[in-house]
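In the block that follows, a single chain appears as structure tokens, in the form predicted on its own.
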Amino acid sequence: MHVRSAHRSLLVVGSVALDDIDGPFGLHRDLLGGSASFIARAAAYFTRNVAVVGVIGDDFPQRHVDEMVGLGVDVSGIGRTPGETFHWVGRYAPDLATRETLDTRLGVFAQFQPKLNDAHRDAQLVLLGNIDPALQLDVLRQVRAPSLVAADTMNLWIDIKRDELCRTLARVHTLMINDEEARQLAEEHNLRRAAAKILKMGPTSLIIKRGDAGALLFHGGGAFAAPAMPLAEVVDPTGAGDSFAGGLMGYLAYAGDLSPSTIRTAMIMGSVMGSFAVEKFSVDGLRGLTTAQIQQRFDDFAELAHFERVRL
């Protein structure tokens, strides 16, 4: 595997935030967070053609922006506005399986209006973080002819903005959500039946993220399961799903095609990046990785899921 090849351009629209996280490893304040922060860093290992559109306040440390620039990420779409950066405060249970939101301060993110420049409008791959579906739809009106649009959403939008979300889903190729969100959106407990209902809403494929149970891909009447790596050390699950999405979309940009077999490989590469992310706080698990480390983890996944076909 050769990383950092640039085949297709990837546009990421989402939040760039600061997090306070409490849990079994103590309280950590002002950690770098936000969907776009994890997605861009994970994707940048596979392509140098990643652009981020987001907004930050005047309290946001410039070093985080400079780091993305150092990774080759186009940050021209990140606007700095007077006010407080989007700030999330949460507490994890001792087993890290559940978390509670203690405070959400939207700050400048409350007035976020994505405005794409000409280069952003020509992006071939688009990944919409779990922002307001009305903003997601606005982005889709601005891009010209992307070959793949993937989107995330969350319980809040499913609950209070279902109509806007459904209009967005009609223009999305791939929806990436967790199992709880899939059940809520489809109003169906069984994930296979939930997937069938969601695919009728517009997307041609659905990825259901299941935390330490891996991820499921539903498309064209078929299904594929990507495992989760059993890790000796899990510290912070906060950006796991976004790192998964970044690895998946980054690999698709690297591979240059969207065939079903490539998408399945991209699912595993997403799981690789998600597994690195949870081993440290914030984006630290995604910092300083080498091609050899990514390749080894990918090979470990291949071995984890390998079995021989037999005929009875």
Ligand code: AMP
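Just so it is clear, the model here is predicted, and its values are computed rather than measured. In this text, residue numbers run from 1 along the sequence as written.
The same protein has a further form, the form predicted together with this ligand, not shown here; the description that follows concerns it.
Student: Thinking of this ligand in the predicted complex, which stretch from 232-240, 135-143, 187-195, 76-84 has heavy atoms inside 4.5 Å of it?
Tutor: Result for this chain: 232-240.
Student: Tell me, out of 285, 270, 33, 54, which residue has a non-hydrogen atom within 4.5 angstroms of this ligand in the predicted complex.
Tutor: Exactly one residue meets the criterion: 33.
Student: Scan 167, 210, 161, 99 and let me know which has any heavy atom within 4.5 Å of this ligand in the predicted complex.
Tutor: When this ligand is considered in the predicted complex, the option within 4.5 Å is 99.
Student: Is there any non-hydrogen atom of residue 12 lying within 4.5 Å of this ligand in the predicted complex?
Tutor: Heavy-atom contact with this ligand at 4.5 Å: absent for residue 12.
Student: In the predicted complex, does residue 154 come within 4.5 Å of this ligand, counting heavy atoms only?
Tutor: Within the cut-off, so yes.
Student: Can any non-hydrogen atom of residue 109 be found within 4.5 angstroms of this ligand in the predicted complex?
Tutor: Residue-level check for residue 109: yes, a contact with this ligand.
Student: Can you work out whether residue 205 and this ligand are in contact in the predicted complex, taking contact to mean some heavy atom pair no more than 4.5 Å apart?
Tutor: It does not: once this ligand is placed as it appears in the predicted complex, residue 205 has no heavy atom within 4.5 Å of it.
Student: With the partner left out here, if you bring back this ligand in the predicted complex, are 38, 88 and 130 all within 4.5 Å of it by some heavy atom?
Tutor: Looking in the predicted complex, the three residues 38, 88 and 130 all sit within 4.5 Å of this ligand (heavy atoms).
Student: Relative to this ligand in the predicted complex, which residues of 14-30 have a heavy atom no more than 4.5 Å away?
Tutor: 15, 17, 19 sit within 4.5 Å of the partner.
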